[in-house]
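Okay, here we've got a single chain as structure tokens, the form predicted alone, with questions on binding and movement later.
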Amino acid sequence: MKGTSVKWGLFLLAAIILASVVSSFTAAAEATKFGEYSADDFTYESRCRQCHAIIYGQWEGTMHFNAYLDPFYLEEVKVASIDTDGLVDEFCARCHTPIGVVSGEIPPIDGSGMSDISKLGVQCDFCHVISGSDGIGNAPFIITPGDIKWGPFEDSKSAYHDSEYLKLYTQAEYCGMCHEVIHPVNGLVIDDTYSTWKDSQYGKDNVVCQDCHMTEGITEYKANPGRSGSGAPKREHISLHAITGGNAFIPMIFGAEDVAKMATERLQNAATLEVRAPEVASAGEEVIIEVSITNSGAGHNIPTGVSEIRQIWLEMVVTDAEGHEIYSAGTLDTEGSIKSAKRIYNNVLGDSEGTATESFWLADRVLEDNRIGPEKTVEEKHTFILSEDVVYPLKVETSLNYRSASQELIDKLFEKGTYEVPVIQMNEASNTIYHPDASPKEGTEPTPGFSTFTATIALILRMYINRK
């Protein structure tokens, strides 16, 4: 993961040359700049929750709440800072601790100069003093700290602060400021969540991020009647502020079980499986099992975000009636590594030498893109030869699995055994394969397992009975 000083000397030179053209990173003149404000210009969330207790409760413990405190982010950004001689310090922190950046407290990346409010990640007063945007990607937000709070309602009133309507809060472009990430030197798109959505049918139908991530509908809009705060009028819909994605790992670390549960539920609604296996198969025969995986519930690629470290894969295990394993793919070994999966569905980035890397700051190309696009289907084919001693029927069990990062990567960043990355089962499907002479007739229950010998005896007995 470490880059050489020579390589990054060249990168820094390239950064100086490209600074005038990489507008998404440097941000245009109107976007709020590094050190433009003080941390004292922002209001602590403790003041906000006096009136917005329900919304605060939804936000607490989420990935936005922990955007800076996330231990994985803190370790990764240290490595990235060393590898790039500090080039990415502000680049990464602009989304993870935006108050820390606009108040000039980051860098240094170790957080030694940060105020408490800057450590609150993507917090209430930051989000609601966004008064405009200078585009998409790399956080080109325009903020105006003060008494005015912006939001999605044209008639909001508050005894504590002034309220202003801004259409941006109802648009995917609000989210696209941070959920589209472009490499600060070479322009490689690292996170294409927004652009993938925009090019999808969801984007064409104007089903925006907030429709799925700020409602109870998960994969579609569902109204959430209520009030945004004490004394506020009751409305047909108040946006949920959990804004849950697919990360259950970090919320589990912080004990936010409700958030982890919501992330798991979202993953379980993202994809569907169809498994096609033969109803019967004979010993010595080649068995072919085909699996279709469809991104049926996400308006962007799955996985998305920093998808070079995310992992989606199909696990398949075929056992006989006595529990003997006939075939397996995608299971985990004792170290937590995936064994023999047909494919890992993620984005494979490459460095300047064409070597695969999980460190996006070292990447300048995409070697493979194995993610599943919105409403797209991918196919897997699994084949094996049945041995002569199998005991029927055979059970085919498949599981589409997800985890936020590989166990190997986490063990590199932290002392081994510190964190176990949870594997989330997104979906599952199963089939049964019978002996040719013992397949169940339509409308009957499956018969007990048969070995090749007992199936032959059963066939002889049936022939004898029929003759009688």
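In case it trips you up, residue 1 is the first one in the sequence shown, and so on. A quick note: this is a predicted structure, and the numbers were derived from the prediction, not measured.
Here the subject shifts to the form predicted in complex with heme C (HEC), a form of this protein not shown in this document.
K.L.:
Of these, 383-391, 273-281, 331-339, 119-127, which stretch puts a heavy atom within 4.5 angstroms of heme C (HEC) in the predicted bound form?
P.N.:
Partner-contacting stretch among the options: 119-127.
K.L.:
Check each of Ala363, Ile326, Cys212, Ala260 and return the one that places a heavy atom within 4.5 angstroms of heme C (HEC) in the predicted bound form.
P.N.:
Contact with heme C (HEC) in the predicted bound form is made by Cys212 alone.
K.L.:
Under a 4.5 angstroms heavy atom criterion, identify the one residue in Glu164, Asp369, Asp199, Asp351 near heme C (HEC) in the predicted bound form.
P.N.:
When heme C (HEC) is considered in the predicted bound form, the option within 4.5 Å is Glu164.
K.L.:
Against heme C (HEC) in the predicted bound form, would Ser292 count as a contact residue? Criterion: heavy atoms within 4.5 Å.
P.N.:
It does not: once heme C (HEC) is placed as it appears in the predicted bound form, Ser292 has no heavy atom within 4.5 Å of it.
K.L.:
Whether Asp83 contacts heme C (HEC) in the predicted bound form should be assessed with a 4.5 Å heavy atom distance threshold; does it?
P.N.:
No, Asp83 stays farther than 4.5 Å from heme C (HEC) in the predicted bound form.
K.L.:
Determine whether any heavy atom of Gln407 comes within 4.5 Å of a heavy atom of heme C (HEC) in the predicted bound form, and answer yes or no.
P.N.:
So Gln407 does not count as contacting heme C (HEC).
K.L.:
Does heme C (HEC) get within 4.5 angstroms of any non-hydrogen atom of Val287 in the predicted bound form?
P.N.:
Taking the distances in the predicted bound form, the answer for Val287 is no, it never comes within 4.5 Å of heme C (HEC).
K.L.:
Within 4.5 Å of heme C (HEC) in the predicted bound form, which residues of 241-277 have a heavy atom? Give them in sequence order, or say none.
P.N.:
Those in contact are His241, Ile243, Thr244, Gly245, Gly246, Asn247, Ile250, Arg266, Leu267, Ala270.
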